[in-house]
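What follows is one chain in structure tokens, specifically the form predicted alone.
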């Protein structure tokens, strides 16, 4: 690329960076402090610094590997006082880099991902999205596998692991649990994963649609972890088939809880138990399990998170003629990632904001419509959100023959010992630094602690836990 060549125009730059917002950026650092990738890669990635580089010299950024390291979790956007959409700024730059053949930076980025981010195949498909810049994922997948093999060979030659062979039990095989297993097994500990489902992967296999995470990619990732010496026992439900006392008796010195959020929240309206009303998690699990899944002609999805988006897009792909998401707040408050919302709309999903269901209507046991009411938002409350309030007399009927409920997910923690303290919202309380629960030797991370979050945030938790577990086991050895 000619150093004088202007790839990004001044007009594009001003529109892209949203200069009116950017001029009020006080470099508070919240975007970087909340970024899982900045924590995993440390000095190799800083979103605020990258944003500044784009403003000062966009051409140089096109040749930077940092451009390819954003994992699109939108944590920066959710926490930024100016609501700057850094992931979308970076995506625009990625597409420009691809159009001009600047692919060497991607190679460097993949190398950093392999060396620093557990589950590099899964995260590249689900989080980093090179395909959004027009690249072939299968070729990138092959590169990652080769890079990982070379990296681990080099690491094995230069490092000798010394531990006293303590065993760690991991409950749940989602991204957090797999990360703890990956890191701990490489440190020399014996690791066993206990998974209640018939297949490992947790929410990765249960709820992420195959068009986002192909099954063979997850299978390769899990096989790799098994080859590190990790034992994975499926169809084992802790609390039913064995309990914490059994784990301690079997010689496990530390336990990690990473069971995710597999319990659907209940919608408290008339008609919720009709046969044409399904929960999004059950719907996605059925589809991912290759079971025959029929969808209605006119589907309504109730909810506004990423699960609602996945359910809506899946319904479209299964042949629904019309899919509409009903969300009770505005687009700005919608918790789904903005890029997922755009993608769903591009696929043909309609979204109606400031609408809430009041009653599901049936005829001879079959859903034929949902009665809705329009909402308005109050002033900001103590939580910093605007409460949706029904508008009197605004009720209307929307026809539908299938309703998918995606109003939130919660952890199912009945199996935990009573000594483990929970937060008010039903998640597990942990020490924010060590990730240890109120019961000594028991750690937790991922969605079971944070509530529904992204894959990369669960992996970050897993790496924190693996380090804390190692320190804890060393303290036992004295």
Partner chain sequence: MSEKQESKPQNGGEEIRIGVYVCHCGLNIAGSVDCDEVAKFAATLPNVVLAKDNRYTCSDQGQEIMKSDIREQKLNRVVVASCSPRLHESTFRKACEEAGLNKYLFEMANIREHCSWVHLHDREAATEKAKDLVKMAVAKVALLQPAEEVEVPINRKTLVIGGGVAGIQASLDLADTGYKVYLVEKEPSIGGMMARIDKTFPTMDCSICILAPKMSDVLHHPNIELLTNSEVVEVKGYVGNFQAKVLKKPRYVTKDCSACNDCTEVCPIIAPNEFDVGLDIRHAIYTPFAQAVPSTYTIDMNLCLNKDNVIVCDKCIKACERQAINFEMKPENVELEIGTIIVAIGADVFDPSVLPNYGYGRHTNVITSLEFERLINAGGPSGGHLIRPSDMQVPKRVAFVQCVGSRTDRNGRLYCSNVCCMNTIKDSLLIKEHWPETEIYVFYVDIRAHGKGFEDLYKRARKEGVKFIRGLPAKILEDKKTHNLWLIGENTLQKELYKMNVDMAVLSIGLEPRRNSEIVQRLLTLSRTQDGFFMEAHPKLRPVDAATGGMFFAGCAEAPKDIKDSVTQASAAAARAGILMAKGKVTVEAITPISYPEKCKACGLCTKVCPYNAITLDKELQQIKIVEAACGGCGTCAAECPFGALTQSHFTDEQILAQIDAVTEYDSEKKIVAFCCNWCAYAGADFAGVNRMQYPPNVRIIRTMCSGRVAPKFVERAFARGASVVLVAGCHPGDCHYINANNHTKDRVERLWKKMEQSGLDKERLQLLWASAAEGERFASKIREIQTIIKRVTPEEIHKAKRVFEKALEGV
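Since we're looking at a predicted model, the values are computed, not measured. Residue numbers count along the first chain shown, from 1.
The same protein also has a form predicted in complex with the partner chain, omitted here; what follows describes it.
Counting non-hydrogen atoms within 4.5 angstroms of the partner chain in the predicted bound form, say which of 63, 420, 33, 413 makes the cut. Selected option: 33.
Considering 38, 453, 54, 442, which brings a non-hydrogen atom within 4.5 Å of the partner chain in the predicted bound form? It is 38.
In the predicted bound form, which of the stretches 402-410, 236-244, 80-88, 348-356 has residues with heavy atoms within 4.5 Å of the partner chain? Within 4.5 Å of the partner lies stretch 80-88.
Does the partner chain, in the predicted bound form, lie within 4.5 angstroms of each residue among 390, 394 and 396, using heavy atoms as the measure? Contact check failed for every one of 390, 394 and 396.
So in the predicted bound form, does residue 384 come within 4.5 Å of the partner chain, heavy atom to heavy atom? Flag for residue 384 set to yes.
In the predicted bound form, residue 463 touching the partner chain (heavy atom, 4.5 Å): Residue 463: no contact with the partner chain in the predicted bound form.
Could you tell me if residue 59 has a non-hydrogen atom within 4.5 Å of the partner chain in the predicted bound form? Close contact is absent here: in the predicted bound form, residue 59 is far from the partner chain, nothing within 4.5 Å, heavy atoms only.
Is any part of 37-54 within 4.5 angstroms of the partner chain in the predicted bound form by a non-hydrogen atom, and which residues would that be? Residues within 4.5 Å: 38, 39, 42, 46, 48, 49.
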